[in-house]
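Okay, so here's just one chain, in structure tokens, the form predicted alone.
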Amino acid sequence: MLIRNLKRDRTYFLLLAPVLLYYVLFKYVPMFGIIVSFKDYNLFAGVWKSDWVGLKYYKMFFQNPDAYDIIKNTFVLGIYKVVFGFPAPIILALLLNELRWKAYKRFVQTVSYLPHFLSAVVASGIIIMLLSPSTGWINHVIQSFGFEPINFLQQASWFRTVYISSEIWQEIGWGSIIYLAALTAIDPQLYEAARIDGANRWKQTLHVTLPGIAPAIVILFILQIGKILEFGFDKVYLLSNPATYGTSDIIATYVYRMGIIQGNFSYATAIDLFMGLIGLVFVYSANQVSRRLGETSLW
């Protein structure tokens, strides 16, 4: 039976083979490395000859006085990202959907997509230039209203605002693509029926457009919940400095310092694995809630 299916669908299996190979080589094989979180890993002895230490490094992290602040910073930044970053592409897609001037709509889409293709280094450089207290445009605007310039990147209280704003700027256009695609699947007759019933554009958006893209919103929200503790390490690292560690020191930067700079691979792996498990719990919980409240879920 299996061989017959393989022969029948061999073309599809061959097309799928590069994708499967990629995931096996770059996603599943590296997972073997989590074993070092249970060992006192020695780079020269290798993985198998290093001594087993059980949960030593997990306990070490929770006994670390900085652990609470690092976890809190990561969770707060993740929650901000969901609260402010997740609705932004939906709002942009709804606004673009209402535009009737197609040339202007394409222009806005193109401009909003471009920041997504910037590397973290280039994006961080632009942000640093814009926020400079002496030459940055934003501080020039602030000064034109008679206020003192703000050193955004040297004050811990401004880090979350700067980071979340930059994330929205970079991803709002790219994130709206899925919602724009979902909007095209809505039956135009529903809008016609709503107009006959006297619904204005706001009510059409509320009762036709939003329910039409609700399944896409739910699926992407569940996936976003799973990434609540994941951040682009490079941009956080580039925008932060010791003056802002109070709010900018998250698990990704801490793992980098412990694993790469200090060479404590076992400790860094234990922290990263623990956070990965929390992300898995978030995805599973969000999926269960979505399944109970509606008919849309990942599985």
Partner chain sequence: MTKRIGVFDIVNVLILAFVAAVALFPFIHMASVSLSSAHYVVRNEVSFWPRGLQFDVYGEVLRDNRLLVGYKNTIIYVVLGTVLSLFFTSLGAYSLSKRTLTFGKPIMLFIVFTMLFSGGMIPTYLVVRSYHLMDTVWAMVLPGLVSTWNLIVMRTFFQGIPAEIEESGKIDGLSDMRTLFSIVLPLSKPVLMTIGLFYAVGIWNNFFYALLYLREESLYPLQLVIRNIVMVGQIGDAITSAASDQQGIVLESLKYAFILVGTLPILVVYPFIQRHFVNGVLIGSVKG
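Numbering follows the first chain given and starts at 1. By rigid core we mean the largest C-alpha set that fits within 1.5 Å across both forms. For clarity, every value in this text was computed on a predicted model and none was experimentally measured.
Same protein, other form: the form predicted in complex with its partner chain, not shown, and the subject of what follows.
Task: Stretch in contact in the predicted bound form with its partner chain, which is absent here, among 207-215, 154-162, 167-175, 79-87 (heavy atoms within 4.5 Å) - done: It is the stretch 167-175.
TODO: Evaluate L95 for contact with its partner chain in the predicted bound form, applying a 4.5 angstroms cut-off between non-hydrogen atoms, and reply yes or no.
DONE: Yes - in the predicted bound form, heavy atoms of L95 and its partner chain come within 4.5 Å of each other.
Task: Heavy atom of A103 within 4.5 Å of its partner chain in the predicted bound form - done: Contact with its partner chain, no.
- [ ] Verify the contact flag for V122: yes if a non-hydrogen atom of it lies within 4.5 Å of a non-hydrogen atom of its partner chain in the predicted bound form, no if not.
- [x] Yes, V122 lies within 4.5 Å of its partner chain in the predicted bound form.
- [ ] May I ask you to check whether H140 falls inside a 4.5 Å heavy atom distance of its partner chain in the predicted bound form?
- [x] H140: yes, in contact with its partner chain in the predicted bound form.
Task: Within 113-130, the residues that have a heavy atom no more than 4.5 Å from its partner chain in the predicted bound form - done: If the 4.5 Å heavy-atom criterion is applied to its partner chain in the predicted bound form, 113-130 yields Y113, L114, P115, F117, L118, S119, V121, V122, S124, G125, I126, I128, M129, L130.
TODO: Take the rigid core as the frame of reference and indicate whether the C-alpha of V36 shifts by 2 Å or more between the shown form and the other one.
DONE: Comparing forms between the shown form and the other one, the V36 CA shifts at least 2 Å.
Task: CA of P242, rigid core aligned, shift of 2 Å or more between the shown form and the other one - done: Where the cores coincide, P242 shows only a C-alpha shift between the shown form and the other one that is less than 2 Å.
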